[in-house]
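Have a look below at one chain only, the form predicted on its own, in structure tokens format.
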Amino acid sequence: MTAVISMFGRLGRSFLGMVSRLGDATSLSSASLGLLPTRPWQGRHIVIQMFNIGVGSLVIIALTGAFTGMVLALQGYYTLAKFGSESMLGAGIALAIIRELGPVLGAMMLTARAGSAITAEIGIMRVTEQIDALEMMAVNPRARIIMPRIIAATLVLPLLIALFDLIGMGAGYLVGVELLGVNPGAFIAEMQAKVTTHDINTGWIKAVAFGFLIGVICTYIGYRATPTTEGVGKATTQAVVLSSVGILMLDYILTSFYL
């Protein structure tokens, strides 16, 4: 009986700790974003972060999009050929990439490449007391460090996802038409007929939501990291894991609303 009570006690403390951290992250991010219109305006730092996050992630996004489109073409053709529906390959690739795989895989790649860097960078600032130095100089670290990175991730990810979608569909076309022999006219015609504005909007909404989620989680964990080298390492790992799980959970929620 004592062991059962102890187990429920640990679960309760863990749950309360999770709720407390969720509230802290919400408070920190909302307070940081509320500083956007205040002076001095951080537009220059937002642009710098957009460049660092976006340009630095172009290669991994392009490669992931290309191989995703090629794999979808191979697997889709194998499945559709059993039903004599090879002409639907273009529509299947486009819908899968635009609605699901583009936003989710693109966000995962951004988390692995840029999200981890954001957390590590802010954590190192905490270790080297750069954040304390900003406060001593009357510079709000939330406005200088957190807010630009959240906004940059939110703005950049939709653009990266658009690139992912275009490259993925182009790679799927090359494999489907040039390698597997699908009729090019049918491939393009079915893609145009089946992909609607609603599908495109769904992908854009997911991209914006995922970018905001990555920005909030990675900046928060880095800002609250234990100021040691070991603490920064743990914080970086935790940021990638939590962001990845959060992306999958949010994807399910958004998909259920935008079917």
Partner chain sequence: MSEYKRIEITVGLFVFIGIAGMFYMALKLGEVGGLGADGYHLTAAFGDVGGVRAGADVMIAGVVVGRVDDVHLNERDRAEVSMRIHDDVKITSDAIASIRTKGIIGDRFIRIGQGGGEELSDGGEIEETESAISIEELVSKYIFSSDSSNK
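Predicted, not measured: the structure shown is a model, and the values here were computed from it. Positions refer to the first chain, counted from 1.
From this point on, the text means the form predicted in complex with its partner chain, which you will not see here.
- Looking at 160-168, 111-119, 72-80, 174-182, the stretch with residues near its partner chain in the predicted complex, meaning non-hydrogen atoms within 4.5 angstroms, turns out to be 160-168.
- Its partner chain in the predicted complex is not approached by F67, whose heavy atoms all lie more than 4.5 angstroms from it.
- Contact annotation: M191 falls within 4.5 Å of its partner chain in the predicted complex, judged by heavy atom distances.
- Contact check for V156: a heavy atom falls within 4.5 Å of its partner chain in the predicted complex.
- Using a 4.5 Å cutoff between non-hydrogen atoms, K234 does not count as a contact of its partner chain in the predicted complex.
- Not one of G92, A209 and L213 is positioned with any heavy atom within 4.5 Å of its partner chain in the predicted complex.
- Taking its partner chain as it sits in the predicted complex, the stretch 204-237 comes within 4.5 angstroms of it through a non-hydrogen atom at just one residue, W204.
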